[in-house]
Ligand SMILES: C[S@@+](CC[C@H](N)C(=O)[O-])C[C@H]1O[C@@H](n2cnc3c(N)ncnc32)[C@H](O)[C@@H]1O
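This document starts with one chain, in the form predicted on its own, laid out as structure tokens.
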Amino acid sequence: MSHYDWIWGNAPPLLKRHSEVKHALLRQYLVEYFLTLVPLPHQERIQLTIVDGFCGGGLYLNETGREVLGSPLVILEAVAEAKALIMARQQRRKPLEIDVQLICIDESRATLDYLDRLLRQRGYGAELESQKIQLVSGAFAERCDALVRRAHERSPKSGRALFILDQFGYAAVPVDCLRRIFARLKRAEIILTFYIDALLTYLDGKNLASFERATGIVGSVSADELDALKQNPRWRVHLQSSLYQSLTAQCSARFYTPFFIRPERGRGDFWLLHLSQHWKARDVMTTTHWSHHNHFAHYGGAGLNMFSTGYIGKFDDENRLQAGFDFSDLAAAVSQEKMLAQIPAMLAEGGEGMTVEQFFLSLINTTPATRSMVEAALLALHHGGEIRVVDEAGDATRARVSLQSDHVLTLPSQRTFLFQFGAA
């Protein structure tokens, strides 16, 4: 179900500012995504299926009255931008083929007719005729299996596909759909919006069962626990944390990150969840959020523990503005400071030491920090003598400028232990 109407000849529907920023983030993420996929100039072709599961009509008016693009055109322009950047940065002599099939899904046939006319008007008629762009009518959940099969047929070895699931509400993408995507497509990524404020406002013991049936997210809380929980002034903190952990545990993604899209006025926060099977994809998305800090908030605190703060709503239950991690320059400084205090304690718990790769993967799902931020903190601690970083030969001097995945982290008082090569 959509809350927008597109009628050819009428003005496009209004897009609120926070949704406009979400589209800007999508565009930037896609550009960075393609740059990551093509790191070397000898690569001549990449193949990818992009599914826009709630595509809309492709055009809006923003709050200043200016026309802005919807997700289908944002995706197409991001592909073109990425290709141009790759060609320029790598000074390529051979052309690069980015073979993307874009599949746009919407329940409204009238909306898809509008999108079809818009795409042809904007010069994408040939792509529509060749099925490089497909417009499909129906509910995403009903089309999910066919979409997964199509993506697998196009990339049977890599399983590379990107699902952009900008649902209106929280029940149009059952968690079982997410599991089926990851089960068949080993390099799939999902960008999912989830209108958490709408859920929390109306969820109670009476309708909990219908929520679980609709979403497949089960076991977060019982009806009795929910009724008791709502007596606590901070019930949103606890319930949202429980729901998030249930969703991520049940969707089969190895890597995930919860961010809030934050309206500038009033309530209405919703999750922007990025789900993937590779840490690099998660790191690219986190890096993108840092560049949009005016509109995005982190679900939790700074440093390495996202659950230290909890719910980051615009207002709490007593209508007071809440604090949260907002990706500002101050947040970056606070996160660095907290990591400097947290890392030695984590290494002390880790026993005989761990590699940089092992350390980063152990915390990636619980921090707003990027890998480069974590490595900067590790180097600062190494230079200050609070931790010790050695290479595979046990040499600490070569790790003073940059870190490698197989460098080993220990505390200075510990005897360095090298997993592959024995004790130093």
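Residue positions are given as counts along the sequence shown, with the first one as 1. Everything numeric in this text was worked out from a predicted model, so none of it was measured.
The next section is about a form of this same protein that is not shown, the form predicted together with the ligand.
Interface residue among Leu347, Leu226, Val79, Ala172, judged by heavy atoms within 4.5 Å of the ligand in the predicted complex: Ala172. For the chain shown alone, Asp269 is not a contact residue for the ligand in the predicted complex, no non-hydrogen atom being within 4.5 angstroms. Not displayed here, the ligand is approached by Tyr60 to within 4.5 Å at the level of heavy atoms in the predicted complex.
Although the partner is absent here, Asn232 is not a contact residue: none of its heavy atoms lies within 4.5 angstroms of the ligand in the predicted complex. For the chain shown alone, Tyr33 is not a contact residue for the ligand in the predicted complex, no non-hydrogen atom being within 4.5 angstroms. Per the 4.5 Å heavy atom criterion, the ligand in the predicted complex is contacted by stretch 49-57, the sole one of 36-44, 49-57, 355-363, 373-381. Within 4.5 angstroms of the ligand in the predicted complex, the stretch 6-44 places a non-hydrogen atom from each of Trp6, His23, taken in sequence order.
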